[in-house]
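Heads up, the chain below is alone and in the form predicted alone; it's given as structure tokens.
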């Protein structure tokens, strides 16, 4: 198992920093997902670690050894790029053995390694086929097997599921996780898809503006994102920016795109950038003609129309509601099926009740 340390890595592209003083540690035997929007520098960072491109500044350490200026072939790093780079004129067996021959393994070692990675990646029946004869998911398994054949100290995976159809993504993701656990290979996995991160990672590192902005367990970041950008990258629902904050009589009035709300406390510790309203804490009422909700001064009251209803799971409906007071804003509400007493339908008017204490500042 290997520990990877990146110290103040910087790189420019057309006079603009795409990586700037980036710091990151990947622990021994860990699968860490590097999550960020497309174009934020994730692939460039992998190429720097692999030795394909050189940073303008900074150091790369593996188990304390500085490998910043070491040739790529001497780093013993397995790298699987986004596009499967398989030799079309070679059979799968030969594609896997190519890298082993370059590392000067003898014939018996090569045969043993091919057998091992074929079983590991479940491609035993593909060894005598050509790349044109197998699917995208199978090609990615071959690319993964080829990277694992050298028993790398570190495995780098760049958007490994991006070219796979929906039905094969979860299977391949779980295969990657199983292989990583079985071999205890330290792995850095790049994606812009937060669902992939949730499925397989030990920890996730959020990247934008050329730096790692937050790192931790998925559940920790979900609960406490440092700011609105991170909440968006994590795919949080019901988040809005804060446009203005006013303090009044030990209360705080926050203005957002969906309205102004009074919180029953002063915001003291930090200046939040947004709010999050968990979908499961919102209560709905459907009797629009009733005046009961007007006396409900303890909650935020919003009006809307049902846009669509989807079955989230066996027990819960997710209701998407267009908000009446705003243009192009909607909110998601999770309701237990047994609590919904009447039939719901699109364009039905509803009233939303939100406890201010349930509003999360981010």
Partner chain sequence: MSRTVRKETNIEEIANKFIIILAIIALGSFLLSLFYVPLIQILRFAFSSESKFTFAIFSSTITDTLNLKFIGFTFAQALLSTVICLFIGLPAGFFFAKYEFKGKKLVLNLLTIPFVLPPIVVLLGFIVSYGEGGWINSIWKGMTGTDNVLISIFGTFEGIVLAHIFYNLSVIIRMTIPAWQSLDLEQVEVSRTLGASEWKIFWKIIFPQIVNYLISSALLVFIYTFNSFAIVLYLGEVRFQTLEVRIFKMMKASLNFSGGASLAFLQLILNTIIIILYLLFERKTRQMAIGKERGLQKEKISFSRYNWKKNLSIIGLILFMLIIGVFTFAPILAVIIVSFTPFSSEVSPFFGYMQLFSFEYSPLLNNSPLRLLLNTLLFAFAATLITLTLSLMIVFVLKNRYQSLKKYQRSISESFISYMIILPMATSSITLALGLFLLFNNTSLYLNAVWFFIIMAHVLISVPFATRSIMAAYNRIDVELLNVASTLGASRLRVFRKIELPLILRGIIVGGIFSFAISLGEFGATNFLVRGAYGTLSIGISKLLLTQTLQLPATMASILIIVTIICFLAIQKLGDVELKV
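Keep in mind that this is a model prediction, so the values were computed, not measured. Residue numbers count along the first chain shown, from 1.
One more form of this protein should be noted, the form predicted together with its partner chain, which is absent from this view; the next part is about it.
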| property | result |
| --- | --- |
| In the predicted complex, segment of 302 to 310, 49 to 57, 29 to 37, 321 to 329 with a heavy atom within 4.5 Å of its partner chain | 49 to 57 |
| Proximity to its partner chain in the predicted complex, single hit among 90, 284, 281, 263 (heavy atom within 4.5 Å) | 90 |
| Sole residue of 237, 85, 226, 245 within 4.5 Å of its partner chain in the predicted complex, by heavy atom | 85 |
| In the predicted complex, residue 65 touching its partner chain (heavy atom, 4.5 Å) | yes |
| Residue 146, heavy atom within 4.5 angstroms of its partner chain in the predicted complex | yes |
| Its partner chain contact at residue 220 in the predicted complex, heavy atom, 4.5 Å | no |
| Touches its partner chain in the predicted complex: residue 122 (any heavy atom, 4.5 Å) | no |
| Partner contacts for 90 to 106, taking its partner chain in the predicted complex and a 4.5 Å heavy atom cut-off | 90, 98, 99, 101, 102, 103 |
